[in-house]
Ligand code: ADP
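Given next, in structure tokens, is a single chain: the form predicted alone.
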């Protein structure tokens, strides 16, 4: 009798039909680049509302973590270098903690305390002038992740040396992509991705499809991906020639110099922040050590192109090509 009643009740009920989803694309300028949001939503109004919230989240992260803005939380922390532990937001602490993790994994190849070196090379590219040995020595002295001290319990960060400068350019965009994707999910839109040009965070695949079709930078290779981060770093286009030598915009913390290998790296990782940090890390480590690091990390795959004696070379981790 009870089973019959249940069947009767179920038979008398009808679930509301799901509204069909359509694709919507939005673009705004944030973090010094064009940021794209692609999403599937049941209506233009829902899409607009969610995209507006996602862009607002990215703008808030930029306002907190930009080294270009003197009033940002990051700039204020750098200005306090040598003054003891400083209270920081949970968001900044999260990014700095991840930064220290990747610094330890890479033996210092990833380092967010390179602010002095980054500024030195920005000027070198602008003025077309090689930094002097003294300028490089001074900047290197102000670099070193061991001098960034975090206390998660007290929620503080300390830059031990006066004059140190933080630069989150190799990790903050990926973090912003992740946070924006989370905002879209809170609006009920999980089939989406956020793209900053060099990196992206991908959510659920488009309706009825196995994944998002993502082209590997400067190649014809197409990957089908979802629920992951993707980031590309390299100096194939961004470089300066000084005294007849080619230098990348990516700085090696151990030498203080821009990289001199012509290379391009694409990384797939579980999230955008990890992909962002690892693409720079692998660029600094180079093909052998960089790809070996990627192979050792769960959920991480990498592709790399570089030049040897003027000849282009490519290599990947074993699982990269299986993403096609």
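This is a predicted model, so every value here is computed, not measured. Positions refer to the first chain, counted from 1.
One more form of this protein should be noted, the form predicted together with adenosine-5'-diphosphate (ADP), which is absent from this view; the next part is about it.
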**OP:** Choose one stretch from 275-283, 294-302, 38-46, 52-60: the one whose residues place a heavy atom within 4.5 angstroms of adenosine-5'-diphosphate (ADP) in the predicted bound form.
**Re:** 275-283
**OP:** Indicate whether residue 205 is a 4.5 Å heavy atom neighbour of adenosine-5'-diphosphate (ADP) in the predicted bound form.
**Re:** no
Subject >> is_contact(residue 110, adenosine-5'-diphosphate (ADP)) in the predicted bound form, heavy atom dist at most 4.5 Å >> reply: yes
Original post:
Do residue 221 and adenosine-5'-diphosphate (ADP) come within 4.5 Å of each other in the predicted bound form, heavy atoms counted?
Top reply: no
Original post:
Quick one: is residue 97 in contact with adenosine-5'-diphosphate (ADP) in the predicted bound form, heavy atoms, 4.5 Å cut-off?
Top reply: no
Subject >> Candidate from 238, 132, 89, 162 lying within 4.5 Å of adenosine-5'-diphosphate (ADP) in the predicted bound form - any heavy atom >> reply: 238
**OP:** Check each of 183, 251, 200, 157 and return the one that places a heavy atom within 4.5 angstroms of adenosine-5'-diphosphate (ADP) in the predicted bound form.
**Re:** 251
Subject >> Contacts with adenosine-5'-diphosphate (ADP) in the predicted bound form, stretch 149-185 (heavy atom within 4.5 Å) >> reply: 167, 169, 170, 173
